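Quick heads-up: it's one chain on its own, the form predicted on its own, in structure tokens.
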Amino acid sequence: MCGRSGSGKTTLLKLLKKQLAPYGERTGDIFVLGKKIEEQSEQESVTAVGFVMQNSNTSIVTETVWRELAFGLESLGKSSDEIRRKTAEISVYFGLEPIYNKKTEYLSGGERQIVNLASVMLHEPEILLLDEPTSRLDTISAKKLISHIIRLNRELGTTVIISEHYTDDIFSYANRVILLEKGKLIENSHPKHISQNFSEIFLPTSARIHRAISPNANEILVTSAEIRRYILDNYTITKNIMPISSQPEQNNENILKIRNIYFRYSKNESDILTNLSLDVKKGEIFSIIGSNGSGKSTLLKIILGTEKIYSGFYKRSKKIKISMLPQDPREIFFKSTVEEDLLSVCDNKERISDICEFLGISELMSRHPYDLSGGEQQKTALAKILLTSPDIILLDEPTKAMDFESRQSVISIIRNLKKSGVTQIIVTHDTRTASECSDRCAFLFNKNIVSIDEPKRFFSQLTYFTTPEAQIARGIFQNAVTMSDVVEMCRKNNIK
């Protein structure tokens, strides 16, 4: 299920789950497994329809993984023997044995989401609903979660309805793709036979490239393997090196200097960051990628000053104003409406209006921030951060849960902020955003930064933690890491 932020995807999913149905006026009927949803018993609704939410942090309620798995069965009054048998079986199926006794607060984002999925599947639902389950995951964790979802569909026959902005990993497996626009269903097709009216912003990377280089094709290509074969079969590759544009000369002044820092959350815990050194130059856009739980968000908190290192050196001028967009934007909402929240940091209504218009959130001013979709919350929080006029902005997953158009508007904001001299440090799992707007990118692994380079060299040297476009171009076009790179190289080469 595709659609822009606020198009009604989450609302539609929740309407299919009796316990989660939003309050409001509804007309028409909803049938689940042949029965009107109002006629379902609580037991039927709980066990027949499973729901995995976008934010794994709000779904986990117990201290350890095994307790989290057992919680739902205990609530239904299952016997101890049945609970032990079922939790053991589901743990083996999802590969949770290594973390079975682990505290849930120490789980990575990917582990949390798989635990959520396993907890739901313990009830053996016939229908599984997932609301943007990969939006908070790194590339590898997202692929792992999708592989579990595909297994459940293929092996157990579970009906899966999944809402996603990032369709690269799931589109080719779908039996049907539906598109919502302003609460209305406007497309319901097989992935390969969608209409020309189906906006390319909801297509996987392979399909968008195919449409760009072959706009009149009757059938779209939906996997990386298909588009790679298409390029090799239809083009005479004589130019295979994408030139790296010379970067504008960077300001050599370091606005931040970090040397050999060590950090842990408590004395008895392991280090989160070890011997990490980093320079950030004034006015640059510096992106950091890495797996869930690698310490990226922790590093931002250290830069912000809310967490203190126990060893090493960190220097910044006291005159520098730093603001941070947290991973969960709800952390910075305090008022009853968007307008009141924005006015709490800036009383210039004209400036508020300009920023809201640019971010496309002007119509949200009277809404409660908690009632917004994930993408709308993210843009509203970004507006609030921008209104503080900081020298350095720390962005923790700024494009999370955003549709393609919203992501592009954020990239435009980031580029415009650079023109005004604002330094930006971005932590992201969105490799495409990092490749399109960064001056430099860094890879955080094993508690330290292992690589820093300009985007084209950086992502072309990676194989698995890179952009989908770079994976498609690998071995065909060197240094091509964005869609425009791949399309440009195709157009530079001769059609056979």
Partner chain sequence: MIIIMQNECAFSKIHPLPLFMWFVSVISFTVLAMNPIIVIISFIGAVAHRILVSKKISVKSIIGNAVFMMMITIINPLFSHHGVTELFFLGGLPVTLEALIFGFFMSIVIQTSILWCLSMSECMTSDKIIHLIGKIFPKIAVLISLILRFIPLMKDKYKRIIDSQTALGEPISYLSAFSVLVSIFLEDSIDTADSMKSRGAELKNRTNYSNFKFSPKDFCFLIFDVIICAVIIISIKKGCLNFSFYPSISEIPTENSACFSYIMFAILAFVPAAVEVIFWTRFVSISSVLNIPMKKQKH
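In this text, the rigid core denotes the largest set of C-alpha atoms whose superposition between the two forms falls within 1.5 Å. Keep in mind it's a predicted model, so treat the numbers as computed, not measured. Numbering follows the first chain given and starts at 1.
There is also a form predicted in complex with the partner chain; it is not shown, and the following applies to it.
Asker: Taking the partner chain in the predicted complex as the reference, which of 333, 198, 404, 286 has a non-hydrogen atom within 4.5 Å?
Answerer: The residue from 333, 198, 404, 286 that makes the contact is 333.
Asker: Heavy atom within 4.5 Å of the partner chain in the predicted complex: which of 218, 252, 388, 147?
Answerer: When the partner chain is considered in the predicted complex, the option within 4.5 Å is 388.
Asker: Exactly one stretch in 51-59, 26-34, 427-435, 467-475 has heavy atoms within 4.5 Å of the partner chain in the predicted complex; which is it?
Answerer: Single hit among the candidates: 51-59.
Asker: Does residue 370 reach the partner chain in the predicted complex, with heavy atoms at most 4.5 Å apart?
Answerer: Looking in the predicted complex, residue contacts with the partner chain include residue 370, since a heavy atom lies within 4.5 Å.
Asker: Contact with the partner chain in the predicted complex for residue 446, defined as at least one heavy atom pair within 4.5 Å: yes or no?
Answerer: No, no contact at 4.5 Å.
Asker: In the predicted complex, does residue 134 come within 4.5 Å of the partner chain, counting heavy atoms only?
Answerer: No, residue 134 sits far enough from the partner chain in the predicted complex that none of its heavy atoms falls within 4.5 Å.
Asker: Using a 4.5 Å heavy atom cut-off, state whether residue 458 contacts the partner chain in the predicted complex.
Answerer: Taking the distances in the predicted complex, the answer for residue 458 is no, it never comes within 4.5 Å of the partner chain.
Asker: Relative to the partner chain in the predicted complex, which residues of 322-361 have a heavy atom no more than 4.5 Å away?
Answerer: If the 4.5 Å heavy-atom criterion is applied to the partner chain in the predicted complex, 322-361 yields 322, 323, 324, 326, 328, 330, 331, 332, 333, 334, 344, 345.
Asker: Would you tell me if residue 229 moves between the shown form and the other one by 2 Å or more at its C-alpha, with the rigid core held superposed?
Answerer: Comparing the forms between the shown form and the other one, which are aligned on their rigid core, residue 229 does not shift its C-alpha by 2 Å or more.
Asker: After the core is overlaid between the shown form and the other one, has the C-alpha of residue 264 moved by 2 angstroms or more?
Answerer: Residue 264: C-alpha displaced by 2 Å or more between the shown form and the other one.
Asker: Does the distance between the two CA positions of residue 194 reach 2 Å or more between the shown form and the other one, the core being superposed?
Answerer: It does not reach a 2 Å shift.
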